[in-house]
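Given as structure tokens, the chain that follows is alone and in the form predicted on its own.
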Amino acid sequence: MNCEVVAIGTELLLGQVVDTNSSWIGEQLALAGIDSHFQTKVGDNLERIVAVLRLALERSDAVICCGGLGPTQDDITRDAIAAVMGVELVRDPALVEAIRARFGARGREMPANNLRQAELPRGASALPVQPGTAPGLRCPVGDKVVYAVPGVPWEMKEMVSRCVLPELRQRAGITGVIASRTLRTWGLSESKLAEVLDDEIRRLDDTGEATIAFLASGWEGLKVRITAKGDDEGSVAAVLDAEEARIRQLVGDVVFGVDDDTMESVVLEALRRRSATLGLAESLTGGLIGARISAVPGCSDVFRGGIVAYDRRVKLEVLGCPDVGAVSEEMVRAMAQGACRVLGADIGLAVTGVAGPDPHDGQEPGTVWVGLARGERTEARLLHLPFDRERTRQFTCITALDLLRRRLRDDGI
């Protein structure tokens, strides 16, 4: 069984919308054990969509179309699929009532245009999961099938996860279990991590126990995904456990979390274990660290707050820093101490530096100081980041949090 993904929408071709849907669907197909050899984007043009679908059906057993199921004139996925099937569109009264009921639940009257969403190619059926007003479609084409799902990501994910993937696995006769585990790392480049794990990857190629893949994710860290197959969930979990242990032994403390862990969630949990509170003093990041921390539910039990000391006067007058260079070791140590004092926190984390593009305070862009304080104890770390302004801010954020993570683990502060 192999399944092709077709993303529909002129906005995708123009770069107005980034096609994250195809990436997500491709990942889920792989995890489900279903091959996917092609992904295609096509604009809102009936002839071109029909041509793309026909080509996809020639070379694949199934197709997932994403987008073009809305109520407007350029939403023509239904029309294209009907043309490929050689049938007309018919209106489903049950879908009309279902869509009308969704509008009624919001206290709104259904516009007449939404009746288009209740039209199906004759012989097709609606998917049983319908998170929004657009029904998903299951459209048989000979012994093959075309699925159509909305372009709205959360609606698409619901339909693909709950309907499309189980049906494709059933069609493919897949009964085993495929599962993945993602280790989140920070501190080694992708090339260095691959070098460290090279012998292990070769071993897995020989044994077939599992596979390892890398995914560079910017300031979310470098992800190492382990995938294993087995007859049941228990046997697969055992393989993943064993492989995770091997990787951790090889790469050490650059692994900061697993699956949905983030650097900030890991740091917050470490603070809770120590019953310690955190205060921030941010200059070049402008509150970015605080925004990430405050996005984690329940952070208020350990996060006291942050001071965006972007202007020099704020560093001096609010944080009580000495009148020294704004981008210096002495300044960042004083900022971290000031965060503890002003916010009443046990631990202070501070950052200052030059995001660029121009030099500042006699320092080149990418020059960053990170400071950490607990009581009278302080430390500072100098970074030289070879990035543009935004990535310098982002990488400073995760690097500062990683420094705090390591010190909390080692009880070094």
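Residue numbers here begin at 1 and follow the sequence given. For the two forms, the rigid core is made up of the largest set of C-alpha atoms that agree within 1.5 Å on superposition. For clarity, every value in this text was computed on a predicted model and none was experimentally measured.
One more form of this protein exists, namely the form predicted in complex with a further copy of the same chain; it is left out here, but the text below deals with it.
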Please identify, from 320-328, 283-291, 164-172, 114-122, the stretch that has a heavy atom within 4.5 Å of a further copy of the same chain in the predicted bound form. 283-291
Check for me whether a further copy of the same chain, as it appears in the predicted bound form, comes within 4.5 angstroms of all of 81, 90 and 387 - heavy atoms only. no
Taking 4.5 Å between heavy atoms as the contact cutoff, choose which of 26, 33, 365, 70 touches a further copy of the same chain in the predicted bound form. 26
Name the single residue among 194, 237, 276, 215 that comes within 4.5 Å of a further copy of the same chain in the predicted bound form, judging by heavy atoms. 215
Evaluate residue 308 for contact with a further copy of the same chain in the predicted bound form, applying a 4.5 angstroms cut-off between non-hydrogen atoms, and reply yes or no. yes
Going by a heavy atom distance of 4.5 Å, is residue 106 a contact of a further copy of the same chain in the predicted bound form? no
At 4.5 Å between heavy atoms, is residue 300 in contact with a further copy of the same chain in the predicted bound form? yes
Check residue 52 for me: does it contact a further copy of the same chain in the predicted bound form (non-hydrogen atoms, 4.5 angstroms)? yes
Does any residue in 26-47 get within 4.5 Å of a further copy of the same chain in the predicted bound form, counting heavy atoms only, and if so which ones? 26, 27, 30, 36, 37, 38, 39, 40, 41, 42, 43
Rigid core fit then residue 44 CA moved by 2 Å or more between the shown form and the other one: yes
Is residue 11 among the residues whose Cα moves by 2 Å or more between the shown form and the other one after superposition of the rigid core? yes
